[in-house]
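Taking the form predicted alone, here's one chain by itself in structure tokens.
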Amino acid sequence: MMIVLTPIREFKVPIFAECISPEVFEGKNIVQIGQLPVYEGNREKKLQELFKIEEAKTAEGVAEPAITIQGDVSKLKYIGAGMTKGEIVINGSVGMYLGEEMKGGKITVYGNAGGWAGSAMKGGTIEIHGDAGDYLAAPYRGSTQGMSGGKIIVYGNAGVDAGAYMRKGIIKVHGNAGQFVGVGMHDGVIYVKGNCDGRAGSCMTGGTIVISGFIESILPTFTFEGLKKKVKIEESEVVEVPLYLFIGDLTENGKGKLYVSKANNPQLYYYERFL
């Protein structure tokens, strides 16, 4: 069975809800789930004080244990933090730290996600059908342990520092991305289908960044390696268009690969004189 959570009222202050996770709910009945602790601001509450809790038949194709959240929960933080299995479906927008240090399972958001979605995740899949905030998959300030596995797909836009200090895994952004995509990146793949605000790959030492849209300039600490006809994103996806390839960041003795669409970046044509 699937547990369905529906907010009883509009939330005005941040709610810390680490308990909303498939393995925490597993083996518990509705009464026990309702007694789980959450914090609304600095006040401890029970989950049943904030949500209507119901059972429903698990939808076809959804992995158990399963949770569905109905409505806007953009004030809720830490949903699915550390989860290892099962599935969470959110029919609305969600707050910060979604799937923090997630190890397995799947989270689907039919709305926007706040900052640090998938922060330092290690496995599993997050799909965001709206926009993602800043620091997608990035670690907390002061840490360099970024995403080390799993997959994040954003069908809208992503903010700044997406994939910061990434070590493994795949991030796909169907829309645009802010500055510093892949900052400090060690390994993994980041694919931005839209435009990028710039400074992509700053301080990266390894990994692959692919930008299919427009980027105003390439950092001067990257060296031009030539034109490529295609680049592999994952086993099931290959980008087959002319791409400029840059290697860097040389300030870190980096060997990361930055691929940029030729067709959408005529301002970079001057690099072709080095061929």
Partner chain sequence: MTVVKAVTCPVCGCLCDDIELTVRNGRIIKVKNGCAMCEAKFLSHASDHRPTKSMIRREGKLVEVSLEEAVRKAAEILVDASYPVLYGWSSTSCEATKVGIELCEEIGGVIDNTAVVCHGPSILAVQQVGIPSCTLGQVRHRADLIIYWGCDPWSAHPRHIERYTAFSEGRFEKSAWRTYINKVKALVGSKKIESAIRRLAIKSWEPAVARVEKSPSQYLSREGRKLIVVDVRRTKTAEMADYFIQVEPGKDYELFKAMRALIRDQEIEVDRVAGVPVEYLEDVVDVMVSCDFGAIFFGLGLTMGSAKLKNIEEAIRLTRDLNMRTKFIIMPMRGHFNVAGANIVSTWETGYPFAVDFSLGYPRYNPGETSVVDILLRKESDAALVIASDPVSNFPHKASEHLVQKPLIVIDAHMNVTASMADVFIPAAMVGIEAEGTAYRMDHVPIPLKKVVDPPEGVFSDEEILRLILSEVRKIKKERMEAG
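The structure displayed is predicted, hence computed values, not measured ones. Positions refer to the first chain, counted from 1.
There is another form of the same protein, the form predicted in complex with the partner chain; it is not shown, and what comes next is about it.
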Test of understanding: in the predicted complex, would A263 fall inside 4.5 Å of the partner chain by heavy atoms? no
Residue-level contact is defined here as any heavy atom of the residue lying within 4.5 Å of the partner chain in the predicted complex; does G226 satisfy this criterion? no
Check V183 for me: does it contact the partner chain in the predicted complex (non-hydrogen atoms, 4.5 angstroms)? yes
Can you tell me whether I153 touches the partner chain? I mean in the predicted complex, with a 4.5 angstroms heavy atom cut-off. no
Which residue among A63, L250, A56, V241 has a heavy atom within 4.5 angstroms of the partner chain in the predicted complex? L250
Only one of S143, T205, N91, T84 has a non-hydrogen atom within 4.5 angstroms of the partner chain in the predicted complex; which is it? S143
With the partner removed from view, which of 160-168, 123-131, 188-196, 105-113 is the stretch that lies within 4.5 Å of the partner chain in the predicted complex, judged by heavy atom distances? 160-168
Three residues, R9, F51 and K255; all within 4.5 Å of the partner chain in the predicted complex via heavy atoms? no
Across 257-275, the residues having a non-hydrogen atom within 4.5 Å of the partner chain in the predicted complex turn out to be Y270, Y271, R273, F274
